[in-house]
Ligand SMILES: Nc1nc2c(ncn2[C@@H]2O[C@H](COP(=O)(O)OP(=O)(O)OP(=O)(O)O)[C@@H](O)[C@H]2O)c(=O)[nH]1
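Presented below, as structure tokens, is a lone chain in the form predicted on its own.
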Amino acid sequence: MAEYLDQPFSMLIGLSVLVLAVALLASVVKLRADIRTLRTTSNQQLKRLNARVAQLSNEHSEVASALDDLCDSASIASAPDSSLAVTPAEQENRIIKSILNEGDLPKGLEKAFELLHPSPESTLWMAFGISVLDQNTKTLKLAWHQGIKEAVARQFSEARLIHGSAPHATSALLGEHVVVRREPAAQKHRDQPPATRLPEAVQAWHSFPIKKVDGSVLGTFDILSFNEGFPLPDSNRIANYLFVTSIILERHSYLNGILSQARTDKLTGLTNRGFAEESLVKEIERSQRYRNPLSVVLFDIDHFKSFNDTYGHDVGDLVLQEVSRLSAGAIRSTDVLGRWGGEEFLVILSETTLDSAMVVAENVRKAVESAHFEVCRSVTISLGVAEFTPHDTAQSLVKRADEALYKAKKAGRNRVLAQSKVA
């Protein structure tokens, strides 16, 4: 009987223990969750607290900086002569900023020269020059100089890149600093190479190549010394000057390239219609101001459509290119030759009367007619000429040349006709 009474009691105790264990486990799980939540909240609060501390620190720094500026301002107000002094580095930075904002090449090179910090004495005993390398013609052209006499400037205003022909030509070819010194009269030889034949009164010629970052030469910086006893500028200043001038020359070349692309007809390489129109307006203004004669020649290729129809557009493009080349060779370098549209071309002849313009037009006609075109049959052009009158605008002047061109075509093509001067 006692055994049956003890059995339910044992089961109750076991069940109670199990309930307590489950409750304890639930408490432990909840406690861990609470700890994780508290830790996350604490980290977020700590981050916000750190951010606020950093903000206060920045605000403190700004206040301190403002106080320092105020103190500096007060110092300047009390002692302007000493506080306004500019350091050499600040002065060079100002010069470089001024240079980079300068669009004119000679003016930019003039400003850059200040970086050498030349003394007044150096301008008495030395002359300086910058020559720019034309990659197309392989020629050095004098772009800026100081203290070089006119006769000397003419001597090396343009120099072909021939080794030994001149110090700066050799320097540009080798990409190295070249110096040529005048030898005493007793040591001179009759077979003395041209490179050592210095301009009169020049005792030494130092030429430094101006290079791009990739090492290609943009030009040369030349120092002509009239007194070998007078020292050159500091080598570090020369190196700094060469670096700045390389930036100037590269920027100038880049801008000229962009400008040239905007003005150039891609197929023929001539100026495009937009630039030709601008040039004509400027020439008309100049003609009106100085009362100089001005004429234009408008011409096109006879039966050009038949070239495209018979031989294809590729051959037509080659004809346009060859006519452009021949025409450019028959006029002055100062004249403007532009592609007016399609197979039509305009020549602007400044300071040229109608009679002289007729001669130029005839020369162009003959140059094209006598040329041998390998890709197709012979090519001829018809030309109309008109001279500017006080009543003309750019449009009316070209229109009269166009009327003369129409008459030349109607008269049989391959000829030059002039329009009357009546506007």
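One-based numbering along the sequence shown. All figures in this text were calculated on a predicted structure; none of them were measured in a lab.
Below, we refer to the form predicted together with the named molecule, which is not included among the displayed structures.
Options 107 to 115, 277 to 285, 300 to 308, 128 to 136; stretch whose heavy atom lies within 4.5 Å of the named molecule in the predicted bound form: Of the options, only 300 to 308 has residues within 4.5 Å of the partner.
Contact of residue 222 with the named molecule in the predicted bound form (heavy atom, 4.5 Å): Residue 222 lies outside the contact set for the named molecule.
Please check if residue 267 has a heavy atom lying within 4.5 Å of any heavy atom of the named molecule in the predicted bound form. Yes, residue 267 sits close enough to the named molecule in the predicted bound form that at least one of its heavy atoms falls within 4.5 Å.
Evaluate residue 206 for contact with the named molecule in the predicted bound form, applying a 4.5 angstroms cut-off between non-hydrogen atoms, and reply yes or no. So residue 206 does not count as contacting the named molecule.
Would residue 313 show up as a contact with the named molecule in the predicted bound form if we use heavy atoms at 4.5 Å? Residue-level check for residue 313: yes, a contact with the named molecule.
Report whether all of 142, 212 and 250 sit within 4.5 Å of the named molecule in the predicted bound form, measuring from non-hydrogen atoms. Looking in the predicted bound form, the three residues 142, 212 and 250 all stay beyond 4.5 Å of the named molecule (heavy atoms).
Can you work out which of 329, 342, 175, 257 has a heavy atom no more than 4.5 Å from the named molecule in the predicted bound form? Checked against the cut-off, the match is 342.
Identify, from the list 180, 218, 320, 294, the residue with a heavy atom within 4.5 Å of the named molecule in the predicted bound form. Answer to the contact question: 320.
Heavy atom contacts to the named molecule in the predicted bound form at 4.5 Å, residues of 345 to 377 in sequence order: Heavy-atom contacts within 4.5 Å come from no residue here.
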